[in-house]
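Shown here is one chain on its own, the form predicted on its own, set out as structure tokens.
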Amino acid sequence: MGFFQTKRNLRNNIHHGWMLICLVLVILMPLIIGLGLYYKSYPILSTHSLAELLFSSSWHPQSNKFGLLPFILSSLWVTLISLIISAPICLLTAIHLTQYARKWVLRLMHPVIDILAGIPSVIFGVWGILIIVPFVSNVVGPLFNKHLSGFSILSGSLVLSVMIIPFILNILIEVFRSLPTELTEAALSVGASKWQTVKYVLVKKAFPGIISAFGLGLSRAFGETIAVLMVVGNVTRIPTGVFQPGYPLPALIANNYGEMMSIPQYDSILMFSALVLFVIVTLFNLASRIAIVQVEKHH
């Protein structure tokens, strides 16, 4: 018995050890990525102030001017508008599929959502050029008495909103499916209508999960590159409206990395752009986590 007990303990210790190593690697990975980006960004940080890099709109690499403000604001414009478009669609669709639709509808929709999530981003970009850009130019523009090329913040936001819908929707469906059926039964038993039950009971109970889904969707949208790059216009200036072209940070990195490396510090500013992207996404996630904690406290 002692031999078998020792063998079992040894096996348990080995399994516990490698699982602990994997956990530590997962925890350290963001830190390693952040330190690596900071190391590559140090040459530009040593010669330019942080305020000059983040809050200047002057982008002239040949003159050693590397203001990232137009790219940061373009990223925020595209990301926030895409979330404003996709959030109500995802929330109402998730409610319908889990609370109103027959079970076979949800079974039918799952592979459709998965197919949409698995489409390469370049295909969304091509679709945006073929459909969204002409739509913005020929339909939306005349409605506002504007002559538009179609390559704009709005086009990028529309394409991006379609891309993040399956990502957010999958999470929301699981959030609503995980709610206890007793909540619905209790609300209906005291005379509440189906919609009152959804609005005042289920959505309130699922609110932390809803915030989490939207926070993850926001982070996912902020780092999207190819599809947005193809339709957003890529003009280096601060956008002041949805009909103007923009130039998000991911597009800056994708467009220029490997090009113009003969310019001193160009590689470093692109690495710093990636670091800024990394920090903003981290802050989005932290903000959503804090919001979830606060909501759960009030519950």
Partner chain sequence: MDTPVKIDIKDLNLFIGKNHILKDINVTIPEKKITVLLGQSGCGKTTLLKSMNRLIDLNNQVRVSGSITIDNEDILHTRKDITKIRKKMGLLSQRPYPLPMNIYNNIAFGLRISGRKNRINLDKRVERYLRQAHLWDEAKDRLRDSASSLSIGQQQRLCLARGLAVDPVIILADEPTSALDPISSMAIEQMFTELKQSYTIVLVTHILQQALRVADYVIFMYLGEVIEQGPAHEVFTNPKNVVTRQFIQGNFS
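Numbering follows the first chain given and starts at 1. As the structure is a prediction and not an experimental result, all values here were calculated from the model.
Just so you know, the form predicted together with its partner chain exists too; it's not on screen, but the next bit is about it.
The stretch among 78-86, 166-174, 215-223, 98-106 whose residues place heavy atoms within 4.5 Å of its partner chain in the predicted complex is 98-106. Not one of Y42, E52 and K65 places a heavy atom within 4.5 Å of its partner chain in the predicted complex. In terms of contact with its partner chain in the predicted complex, the residue from V126, A192, V162, L148 that brings a heavy atom within 4.5 Å is A192. Contact check for S137: no non-hydrogen atom falls within 4.5 Å of its partner chain in the predicted complex. Taking the partner from the other structure, its partner chain in the predicted complex has a heavy atom within 4.5 Å of a heavy atom of T184. The shortest heavy atom separation between F144 and its partner chain in the predicted complex exceeds 4.5 Å.
In the predicted complex, its partner chain sits within 4.5 Å of a heavy atom of P180. Contacts between stretch 194-211 and its partner chain, counted in the predicted complex as any heavy atom lying within 4.5 Å, involve K194, Q196, Y200, V201, K204, K205, listed in sequence order.
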